[in-house]
Structures are given as C-alpha cells and as structure tokens.
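Presented below, as structure tokens, is a lone chain in the form predicted alone.
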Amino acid sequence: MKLFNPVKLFIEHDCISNHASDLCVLGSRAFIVTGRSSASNGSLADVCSVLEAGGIPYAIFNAVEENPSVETCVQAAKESLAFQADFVIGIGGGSPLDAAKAVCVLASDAALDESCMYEKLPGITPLPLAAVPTTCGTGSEVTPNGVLTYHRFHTKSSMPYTVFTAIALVDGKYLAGAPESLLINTSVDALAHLIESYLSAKADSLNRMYSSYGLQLWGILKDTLFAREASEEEGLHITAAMAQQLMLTSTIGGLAISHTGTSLPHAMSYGLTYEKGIPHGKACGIFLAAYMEQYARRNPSDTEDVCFFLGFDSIEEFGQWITDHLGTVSITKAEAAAFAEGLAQNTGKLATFPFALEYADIQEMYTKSLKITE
C-alpha cells in the first residue's frame, strides 16, 4: 500500500488571492491555458490580477476545445515558447487543465514536436504548472494524467507523461451561474472517478479513504443537484456552500484516481465521446451500473458498500436512477461490436478490473448500458 500526491492543494473561498505568493513563486513569465468560455466566471480575472500585482508578465491561450486535441496543444506550446514562459497556469474544466499538462511537456524544450505526444521520450522535465479548476468533475488539478484527443486514432487517450501540478487553487465560487448541463455532466464524471477507484484492482485501505469519503459526499449532494428542474436560462442557482462541496467532491475523486487510475467505464466512454459527441461525464455515467454488476458477480460486498455510500439499496436502483437522470444513448449493432472489440484489446484498462472478463461480459456491459439499433 502507498499514498502519494505532491500537489500543494488549497480549497477555499478567494483561494487565488489568498495564495498569490504560492502562485507567483513558480516562475517569472506565465502562460495561461484556458478555453474560450472556461474562465468567463471571474477565474481568469483573478489570476491576471494576482500576476499583475506580482509583476509577472503573462500571455493567454484561450482556444482549448472540449476534449483537447494534440494539435491544439502543439499550437499552444509554440505560443508559450515564443513568449518564453517558464511556467503554465491552466484554468477551466478537464479540457484546459489536461491541455495545460501537455503544454508543460511540449514547451519544456523547443526541439520537441507532436511526435513526443505519441511516444514517450526520456529525460523530459515539464514546466511547473498551476491549476485553477472551474468545473466539478475532472479532478485533473490533482491527477498526474492528461487525456487528449488523438485524431490519428479516432479516440481519446492519456498522453504518455505524468504531470502533477505544483499548486491547485480550488474555489467553488467559479461554479456560480454554470449551466445545469455542465454541473450535472461534470459531477457524474466525479462519480465515475469515485466508483472506478473504489472498485479498482489497485484499490486498498489507504486510497479507499478518498473514494469512500467522496462517495458519501456525492450521495448527499445528488439529492439537491438532481432534485429540481431548471431552464437553461435560469440554471440551478446552487448555494455557495453547495458549490464548495461539489468542488471538494470533485477534487477528492481526483485524489482517488491519482492512486488507482480510472477503469472500464472511462475506457468505454471514449468511443461515445469521439464518435457520437456524448459529453464525457454522461458517457462514463451510463456504463457505471453494468460495470458494478460485473464486479458484484465476483465480490458483492464491495458494490454493496458503494450503493450504501451513495444512498441506494441496490445496483438495480442505482442503474434506474442513472437512466432517469442521464437518459439513454443509441448506437448501432455494428458500432457496439466495434466498441466491444476495442475494449477487449485494451489490456491496460482491462487490468484495472480485479477479475478476469470474458468477451461476452464485455458485450453485455455495452448491451445493458446502451440502446442497440440495427
């Protein structure tokens, strides 16, 4: 058993201004990586204010798309090199934070190019990274992995480097006014992190401190987050206290998977996101019940724990709750077969499941989770 995470983590209101010195000590020229609207909640303004007060020049790259591509990260790295930045600040959800990790690698040496994102090179020392999450699902601020879109392979995958942030500044106020769909999809991503970590082949009594506590927090939050209807215009109007709890739960989920990694629902989600445009959190969430059913056939006590922490009496009740709130996704029989074959060949992800799976088990997870059409 081991427990390790080198990130200096702060979770509090006005986190950025409270810890300005911790941010500014990372370097002398900052490169900010964010999305077109990721930082419109005041987070970018707060970061810029601190940098300006500290006399640190900065440049902003705000073109990170949802599910960032290798090509976008390469372009951002070129701009970082041109600016001569010596540290990076990622602001936003999982996409900008993961892209920022890739930029830390690519901009660490002007001789690097896109090829290093496909095959790991030795001797790379990434630039220091600060993370400011603005959604409640990714946990990327405390994980070492960066998930990118690889158009060459028509899928998403973790880049071949581990990049821990030097400092993570987590503040629930940046969730204020977030669209309902964003809050729900990202919170379901956090749920997937917690379940997959608790049921991972790498789970142990130490790292389960994170996943068990996070599941209990999520179980409390779900009754408020999913209890009311809201229009796209009005949003959910979550309280400041709830926003902070959502961010805490997300970060705990990140701490959990920083020790175990994600498992099969994440692997299964990537095809739906790339090929069908299903948001990442939803794409993970719809596979959770079928994943738990497979696990329960070998070790029901662990899945009973998960259900108890979340406030459900059974996997069946949990699965119906997921369907009620996330809906269903339709794919063709040919697509289902292709996805199942891809997972069957993904030996790395299959190894995260503590028990051996037959091909029929893999097919069953797809057929139980999706609406299969001709």
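Predicted, not measured: the structure shown is a model, and the values here were computed from it. Quick note: we count residues from 1 along the sequence shown, nothing fancier.
Keep in mind the form predicted in complex with a small molecule is missing from the figure; the text below concerns it.
A.B. asks: Identify which of 296, 182, 166, 74 has a heavy atom within 4.5 Å of the small molecule in the predicted complex; exactly one of them does.
C.D. replies: By the 4.5 Å criterion, the partner-contacting residue is 182.
A.B. asks: Just to be sure I understand the contacts: of 198, 270, 218, 87, which is the one whose heavy atoms reach within 4.5 angstroms of the small molecule in the predicted complex?
C.D. replies: Flagged contact: 270.
A.B. asks: Spot the stretch among 315-323, 29-37, 345-353, 45-53 with residues whose non-hydrogen atoms come within 4.5 Å of the small molecule in the predicted complex.
C.D. replies: Only one stretch passes the 4.5 Å heavy-atom test: 29-37.
A.B. asks: If we define contact as a non-hydrogen atom of the residue within 4.5 angstroms of the partner, is residue 143 a contact of the small molecule in the predicted complex?
C.D. replies: Yes.
A.B. asks: In the predicted complex, does residue 242 come within 4.5 Å of the small molecule, counting heavy atoms only?
C.D. replies: No, residue 242 sits far enough from the small molecule in the predicted complex that none of its heavy atoms falls within 4.5 Å.
A.B. asks: Can you tell me whether residue 259 touches the small molecule? I mean in the predicted complex, with a 4.5 angstroms heavy atom cut-off.
C.D. replies: Result no; residue 259 lies far from the small molecule in the predicted complex.
A.B. asks: Look up in the predicted complex whether residue 208 has a non-hydrogen atom within 4.5 angstroms of the small molecule, and give yes or no.
C.D. replies: It does not: once the small molecule is placed as it appears in the predicted complex, residue 208 has no heavy atom within 4.5 Å of it.
A.B. asks: Does the trio 263, 265 and 363 actually contact the small molecule in the predicted complex, every residue with a heavy atom within 4.5 Å?
C.D. replies: Not a single listed residue reaches the small molecule in the predicted complex, so no.
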